[in-house]
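A single chain, nothing else alongside it, follows as structure tokens in the form predicted alone.
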């Protein structure tokens, strides 16, 4: 394998995300995290998933001098005009708060269609990066169900399933999620450039 793909720094300190991404990437790369290098967190100030992801990836590359992989993801709900979208992690103080707010806003809506979207940036040299996108369609459950996962997993039912991500668990989620789809493209890219 090409040496520039052997070590990658994940531009996040979100423990749940780190576990998920490492599980999906497997042994194809040696993953470190931003927390291995720094104590500060990169603020998400962009208006799109791409802007946020690029800012995190560029910052991590410049700070560590290593190729970096950053993602930003969000839950886009049709009946709420795409909310919470890019502001998914800023929709409330914590996961419970965010889920409560979303369900309250959905109380009178018949259309429960939604999609999780992820944009990954692999930043491997000064001003050089690749973009990988993933999307998972589904619908919003009437109430939280399940104990696995994080974020909006307890209220998101992926298309073709009757259970939420939080009920399905990581074995299923890590093969069908928005992140999984983007990372499959990333792994294909790494193999091609090796």
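Not measured: the values here are computed from a predicted model. Numbering follows the first chain given and starts at 1. Just so we're on the same page, rigid core means the largest C-alpha set that superposes within 1.5 Å between forms.
The same protein also exists as the form predicted in complex with a further copy of the same chain; that form is not shown, yet it is the one meant from here on.
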- prompt: Each of 107, 116 and 161 near a further copy of the same chain in the predicted complex, meaning some heavy atom within 4.5 Å?
  reply: no
message: Is residue 66 near a further copy of the same chain? Define near as a heavy atom within 4.5 Å, in the predicted complex.
response: yes
task: Indicate whether a further copy of the same chain has at least one heavy atom within 4.5 Å of a heavy atom of residue 76 in the predicted complex.
output: no
- request: Give a yes or no for residue 34: in the predicted complex, does one of its heavy atoms lie within 4.5 Å of a heavy atom belonging to a further copy of the same chain?
  value: yes
task: Could you confirm whether residue 154 comes within 4.5 Å of a further copy of the same chain in the predicted complex, counting heavy atoms only?
output: no
query: If you look in the predicted complex, which residues in 159 to 183 sit within 4.5 Å of a further copy of the same chain (heavy atoms)?
result: 173, 174, 179, 180, 183
query: Any chance the CA of residue 184 moves 2 angstroms or more between the shown form and the other one, core superposed?
result: no
message: My question is whether residue 14 is one of the residues whose C-alpha shifts by 2 Å or more between the shown form and the other one, given a fit on the rigid core.
response: yes
- prompt: Rigid core fitted, then: does residue 172 show a CA shift of 2 angstroms or greater between the shown form and the other one?
  reply: no
message: Taking the cut-off of 3 Å or more as given, in which direction does the distance between the C-alpha atoms of residue 97 and residue 35 change in the predicted complex, closer or farther?
response: closer
- prompt: Do the C-alpha atoms of residue 174 and residue 33 sit closer or farther apart in the predicted complex than they do here, given a shift of 3 Å or more?
  reply: farther
